[in-house]
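A lone chain, given as structure tokens: the form predicted on its own.
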Amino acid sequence: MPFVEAITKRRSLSIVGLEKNTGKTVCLNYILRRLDEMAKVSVSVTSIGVDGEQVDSVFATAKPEVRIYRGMRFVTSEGHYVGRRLLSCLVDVDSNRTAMGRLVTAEALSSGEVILSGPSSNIGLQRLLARERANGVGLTIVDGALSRLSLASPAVTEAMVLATGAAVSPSINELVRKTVFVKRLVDLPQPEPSLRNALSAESRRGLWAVDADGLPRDLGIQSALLINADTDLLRYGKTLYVGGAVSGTLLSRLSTLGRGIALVVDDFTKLFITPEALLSFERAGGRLFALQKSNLVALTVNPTSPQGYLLDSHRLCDALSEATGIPAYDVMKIERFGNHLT
């Protein structure tokens, strides 16, 4: 998978899945193996969930273990660190505790398997990423938890790999439709520089409007979830900004207020909307923007679902590549048959 070369130019990478069992761990193992072979950048790896367990806790099926290579750093909890199957040198023990004990940072002195369980929040993860950068780590990779797209926020990691597959839907057409929608949100345009600068000048929460002079005006609404039928959202103008989550309810409300409304969010991970809600908003003349643009470097697929059905890998990858405009890779096939498939 040639995208690994692009990964070496980033400081942080998240691997996120649209569902459980979409091949995130297989993808992580492939990336770690290729980075070890390339030897271009120092690597640290962690997880925002738990990764590397031998048995799936939901489906009771076998899972791939996470393999770390000599010289790489890894961050996991005390409880999982003691079960590692490699030699390592302890680097740091974080004073903050998780459900499995304190976070441990170690450097691998040999290759072997580990269970990763890192910070449980984006704030904790941001702190960890900053610390790893300060310690000279070139690239930190974070494996995501179930449907944890917030991990892929550009405020957290610089780049992302999106894993999809048969676990999302047994229908190739439906799987492609759902994946394309996420890709479209990732690719949301940014507002013009002057507006982007005005809204990014300080941390803002709740709903804001932009007046005729291009200045943000607080609407006094702490959350987009708190609007009601009497709320005058357009009293300062038709450009709105939401500092926080956006649901389809807000888009539906804006769709009734006339044409020309522009809605700005921090990034695509703040959007909890359906394709239908977005389509209705755009048909009413609305436009959606993101202050920060995410960098999707690769799309990977697992054609097998935990329920046992198997999709046509070649047809699936071709359909996703054509619909998204970026190559899609079957990581399961690559791991079975080797690098000559890349």
Partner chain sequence: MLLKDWTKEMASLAYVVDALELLTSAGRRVLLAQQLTTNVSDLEREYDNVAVAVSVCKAADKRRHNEPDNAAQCECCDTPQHERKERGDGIGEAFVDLRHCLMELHDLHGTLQLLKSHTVLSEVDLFEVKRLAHINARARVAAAALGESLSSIMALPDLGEVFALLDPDGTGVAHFYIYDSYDSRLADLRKQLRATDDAAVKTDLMAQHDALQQQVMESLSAQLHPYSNSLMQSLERLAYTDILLAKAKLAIDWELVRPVLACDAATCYEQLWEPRLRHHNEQQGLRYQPIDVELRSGLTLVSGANMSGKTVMLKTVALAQLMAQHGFYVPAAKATVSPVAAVELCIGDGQDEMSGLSSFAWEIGRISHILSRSRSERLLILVDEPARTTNPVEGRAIVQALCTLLSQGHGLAVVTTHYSGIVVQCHRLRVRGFVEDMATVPLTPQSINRFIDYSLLEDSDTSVPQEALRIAALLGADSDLLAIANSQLGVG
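Numbering follows the first chain given and starts at 1. These numbers were taken from a predicted model, which means no experiment stands behind them.
Below, we turn to the form predicted together with its partner chain, even though it does not appear here.
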**Request:** Have a look at 175-183, 237-245, 84-92, 201-209 and name the one stretch with heavy atoms inside 4.5 Å of its partner chain in the predicted bound form.
**Result:** 84-92
**Prompt:** If you check Gly112, Gly214, Gly71, Gly138 against its partner chain in the predicted bound form, which one has a heavy atom within 4.5 Å?
**Reply:** Gly112
**Message:** Whether Arg196, Lys270 and Arg283 jointly form a contact site for its partner chain in the predicted bound form is the question; each needs a heavy atom within 4.5 Å.
**Reply:** no
**Item:** 4.5 angstroms heavy atom contact with its partner chain in the predicted bound form for Arg67
**Value:** yes
**Prompt:** Within a 4.5 Å heavy atom cut-off, is Ala99 in contact with its partner chain in the predicted bound form?
**Reply:** no
**Prompt:** Counting only non-hydrogen atoms and a 4.5 angstroms cut-off, does Arg11 reach its partner chain in the predicted bound form?
**Reply:** yes
**Message:** Since only the chain is shown here, I'm wondering whether Ile221 would be in contact with its partner chain in the predicted bound form (any heavy atom pair within 4.5 Å).
**Reply:** no
